Every structure is written in C-alpha cells, then in structure tokens.
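To begin, one chain is listed below as structure tokens, in the form predicted on its own.
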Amino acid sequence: MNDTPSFSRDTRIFVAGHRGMVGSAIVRRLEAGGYRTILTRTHRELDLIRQDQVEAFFAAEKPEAVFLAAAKVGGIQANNTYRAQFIYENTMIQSNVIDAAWRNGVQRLVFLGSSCIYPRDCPQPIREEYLLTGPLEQTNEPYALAKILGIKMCENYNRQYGTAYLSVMPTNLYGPNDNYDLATSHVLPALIRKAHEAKLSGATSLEVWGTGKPLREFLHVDDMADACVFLMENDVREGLFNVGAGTDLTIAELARLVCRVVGLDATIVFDSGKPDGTPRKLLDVSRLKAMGWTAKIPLEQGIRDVYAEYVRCCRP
C-alpha cells in the first residue's frame, strides 16, 4: 500500500448511502468543495448486504476513497423492535464494503458510527477511550454492537493491511432528508412532526416519550459532513473521532424549543411509561477541536431550517 494516500478533487469517491440524511449531506459537501467524481448507487442498483454485488461494484468502478454512511437506522422503538435486522443488516453492509474496499486497493475510508457505541453509564462528556469500558444501553445494543464491529474492522485492517481507514462517531444528527416516520424516527424529527400535526389540529397538549429528563446533544448533519471531509482533507490516517456540538439539553428543553419554532402553544405531557434510553450522551469533541474543526450551525437555527423544509416538502 502507498504510505501517503491522497485525497484530491480528482479522487474517485464512493458515498455509500447517498440517499440517506448523512450520505446526502456528504455529497452536498463534496460537490460544494469541487470534487469531480462522486460515485453513488441506489439500493435497487447495489444491495450492500449482498457480498457479490459489492465486490462486483468495487472491481468495476475502482473507487479510491469511500465514505461509508449506509446503515439501517432508527429511534428507540425501531432499535428495540427490529433487533435482529439491525445487527444483521448493519454488520453485513459495513463488512462487505470495508473488505471490498481493501481487496480493490482503496486506501482512504471514513466509517460512520454512532454515539450509542459507548457504555450506557459513561462519565460525561464521553471520550473516545471509553469505548468497551462498560455495558451498552439495552434498547439499541444490536445496532451498537454492529457499529463497534465496524470500528474494529477499520482499526485492524489498518494494522494488518496498512490501509488508512478511520471512524467518526456522530452525536444525534438532524437535517435535510431526515426520517419523520413516527414508528422509526429519532427524537428530534419525531417531535417536529408531532408538534406540527398538533398545531394543525389545534391540540392543546403534546405527548413526549419518557420523563423528559435525559440529556441529549444534537448536531446538524451538514456539520457532520464537513467534519468527515475535513478529516480526509487533512490526511488523517486512522483513529476514532467524536463529532458533536459540545453542548446538550434535556428532552423537555428540546420539546419546548421545537414548540417555539413550530409555533405550537401546548402543554407538554411526558409518558413516563415509555423508555428514556441512556440518561446522558454528551460527546467530548476536544480531539477534533484541537485539530481545528468545530460545529458551526446553532441548534435553534438548524431546527428552524429543517422545519421549513419539512413544511415545504413533507406536509401542507
């Protein structure tokens, strides 16, 4: 393998999962940065769960760098309900892509993980070295285990084969192309949809899962994409990097913020019979900050932007 892998405007870049929220943000960032050859495939064109299809794609298209953003994702309810699908599909997707990348000479790869990889009761803020130091949150353990495997694949392919594969762990993401299906969505898009529908119906209350006490950090997906490209452009060869905003708020505070943005005047009712998930997940982002990268989009402004998109594209 080449000791100095390159990443230039002429690099052939494969963005796996380009129709998802993260993948589409990476494509936008690459296009804005003047990258000329961005390879994408829909699920119909390339099923990443199928090893034969992945191998054939890499052999034919010869990508030189990969952003692995494809994954089966969802909120607490989806993670806890479709446990077998989450562990199987995510394990197969990342295993096929990472291995095919190596077999076809791909030097540079960024693997997109999730902050749920960290133990449920981590010291706060969560540092990268806390990985595998305690039990996981049970509601999303299958998804977390799959993502941990992806991190370890990158780490060990680097050690054995000399590749330059790195992993990024985003905090809770939101932004364009988010999922607003209440059965499978994460907390922020679910709140946006529920608040909007409550406003249209004239409801005087808004039900929120859990106690409202857990603390969560949120990052606009365009900031996430910028961090991924930043690491590639700065020739970071390996490692695990948290990507977040560096601040958090309670779910109750988030619900009030969403109501303010939507223009809903309603009483927030917490359903304490529903799970809260991890008590707190605030990422320590000092590693990326020391390299010169920080998030730029304030939370309220980001929510206003995605709500405007939601009203324009998804709902009347």
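Just so you know, these numbers come straight off a predicted model, no measurement behind them. Numbers for residues come from their place in the sequence shown, where the first is 1.
Keep in mind that the form predicted in complex with a small molecule is not shown, yet the notes after this line are about it.
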Note to self: Quick check on W209: any heavy atom within 4.5 Å of the small molecule in the predicted complex?
What the structure shows: yes
Notebook entry, point to check: Is there a heavy atom of K281 no more than 4.5 Å from a heavy atom of the small molecule in the predicted complex?
Noted result: yes
Margin query: My question is simply whether I76 lines the interface with the small molecule in the predicted complex - judged by any non-hydrogen atom within 4.5 Å.
Written below: yes
Item checked: 4.5 Å heavy atom contact, I251 and the small molecule in the predicted complex -> yes
Check: Among H220, H186, H196, R108, which has at least one heavy atom within 4.5 Å of the small molecule in the predicted complex?
Finding: H186
Note to self: Within 4.5 Å, heavy atoms only, which of T163, S167, N96, N172 is in contact with the small molecule in the predicted complex?
What the structure shows: N172
Note to self: Given the stretches 61 to 69, 37 to 45, 273 to 281, 256 to 264, which is the single one in contact with the small molecule in the predicted complex, using a heavy atom cutoff of 4.5 Å?
What the structure shows: 273 to 281
